[in-house]
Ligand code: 2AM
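Shown next as structure tokens: one chain only, the form predicted alone.
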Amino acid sequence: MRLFIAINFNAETRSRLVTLRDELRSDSTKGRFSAPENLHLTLVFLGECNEKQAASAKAAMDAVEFKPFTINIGSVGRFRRSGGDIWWAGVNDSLQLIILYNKLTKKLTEFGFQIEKRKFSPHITLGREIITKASPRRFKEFGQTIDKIELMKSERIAGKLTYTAIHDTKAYSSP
């Protein structure tokens, strides 16, 4: 099974992301745009995993402690690609998010996972292979409190890319 660890969003944040996606779509001549239910922030992509590796990923997640924290989304940008760019909503700098990412990748490495070495660039993919007249921009930020991370399974069901949460780890609250 194809797995990744992600932050999923509440209904309000998801709705605002869909609005950003729709604005981009209206300015585009081509593209594959993310389904509303698939909008998420990937913390770590694990790739193809067997049952034993899935169990290790769950154990690694459960070994990571974090307090609830807020993230803010305040820009739209792109990764340039031939054949169309990947457009994303950008997450503003968040020390707590970086700390969570570092704890998670350290624990996953201890459990035997090979983690990508590239710099963590927190973003939410709005679409791929996009040809557009839109330009990257900043906007009045919005966000939400993050109080859990989820292990997600990615699969095609009846030709549709579907992400399903198969495990979660909740933040702890101070007494």
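One-based numbering along the sequence shown. This is a predicted model, so every value here is computed, not measured.
This next part talks about the form predicted together with the ligand, which is not shown.
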Among 57-65, 41-49, 102-110, 131-139, the region lying within 4.5 Å of the ligand in the predicted complex by heavy atom distance: 41-49
Proximity to the ligand in the predicted complex, single hit among 28, 53, 144, 125 (heavy atom within 4.5 Å): 125
Three-residue site 4, 118 and 163 fully in contact with the ligand in the predicted complex at 4.5 Å by heavy atom: yes
